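One chain comes next, on its own, written out as structure tokens in the form predicted alone.
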């Protein structure tokens, strides 16, 4: 199967105009085949982008991009549940389920499974395939041995496998909003304070070392995942779609660089040097893939 680049949903709370302009650039300039749209982290953010959603969808479709609408990754309220139902009601579009609660809305209907679902073994793949899944984005913490095992089973099931290859790594979700609490606010009266940090808010140890990132209710890695050097191995393991997670700067250059690696125009070392210059200025990591601590980097 031909390898493709995909662009995951924006996970951060960007200003609506910035969000719109980013996707306009995706439509006009970015070499990705599939674009995921939708609020994954916090249902309170979703209405902020509604005024621009239709124009963004139109611009992306006119550019020939395949669109997939992503659902929330955590449901703790009726508002969250209704947002998932609203997204799943878009029958003309492929839907990516990021929470089990979305499956009841999608049962028997072709859909995608996102990286927030626990797909760690062959039985999970079989269950989701029988429920209508056609593609699955594996969790980013899987080691290469696990990916290879799932790739073999996915081939038997006719499933497309995807994995994140760049961007901060999603680690956990909470019912509480860390961003609000850090600014002495409650979740209900947060005043969208997470918009101050377009790539999340760094969390430091008592010794002053940055080790995690907070994005609203979401905990992410401080490091930036970079699997440019593992693309060939991932392809051999059955991965055919490689997901770029958008960051506030450099995402266009990142997609161009990964495409060059896929097309054998540059080496992984050359790509990493380029990515260091166009990225968000944090260390790279690929430890999970090599069955080590996630923040580690194996050149």
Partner chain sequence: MTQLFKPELVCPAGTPAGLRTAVDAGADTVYCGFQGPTNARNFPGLNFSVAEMADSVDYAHERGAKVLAAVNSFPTAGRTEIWKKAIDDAIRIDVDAVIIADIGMAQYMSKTHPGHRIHLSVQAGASSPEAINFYCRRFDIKRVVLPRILTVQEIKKVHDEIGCEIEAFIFGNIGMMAEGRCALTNYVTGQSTNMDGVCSPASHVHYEEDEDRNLKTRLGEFAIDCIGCGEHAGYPTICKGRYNVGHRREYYAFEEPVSLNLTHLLPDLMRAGVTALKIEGRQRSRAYVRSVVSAFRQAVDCYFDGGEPDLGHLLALTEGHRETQGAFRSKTWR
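Residue numbers count along the first chain shown, from 1. Small disclaimer: the values here were computed from a predicted structure and weren't measured.
If you look for the form predicted together with its partner chain, you will not find it shown, but the lines that follow are about it.
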**Message:** Check for me whether its partner chain, as it appears in the predicted bound form, comes within 4.5 angstroms of all of 81, 207 and 210 - heavy atoms only.
**Reply:** yes
**Asked** How about residue 187: is it within 4.5 Å of its partner chain in the predicted bound form, going by heavy atoms?
**Response** yes
**Request:** Give a yes or no for residue 99: in the predicted bound form, does one of its heavy atoms lie within 4.5 Å of a heavy atom belonging to its partner chain?
**Result:** yes
**Message:** With a cut-off of 4.5 Å between heavy atoms, is residue 110 one of the residues that contacts its partner chain in the predicted bound form?
**Reply:** no
**Message:** So, residue 226 and its partner chain: in the predicted bound form, are they within 4.5 Å at any heavy atom pair?
**Reply:** no
**Complete:** Residue within 4.5 Å of its partner chain in the predicted bound form by heavy atom, from 87, 177, 163, 133, is 177
**Prompt:** Even though the chain is shown alone, can you say which residues of 265 to 294 have a heavy atom within 4.5 Å of its partner chain in the predicted bound form?
**Reply:** 288, 292, 293, 294
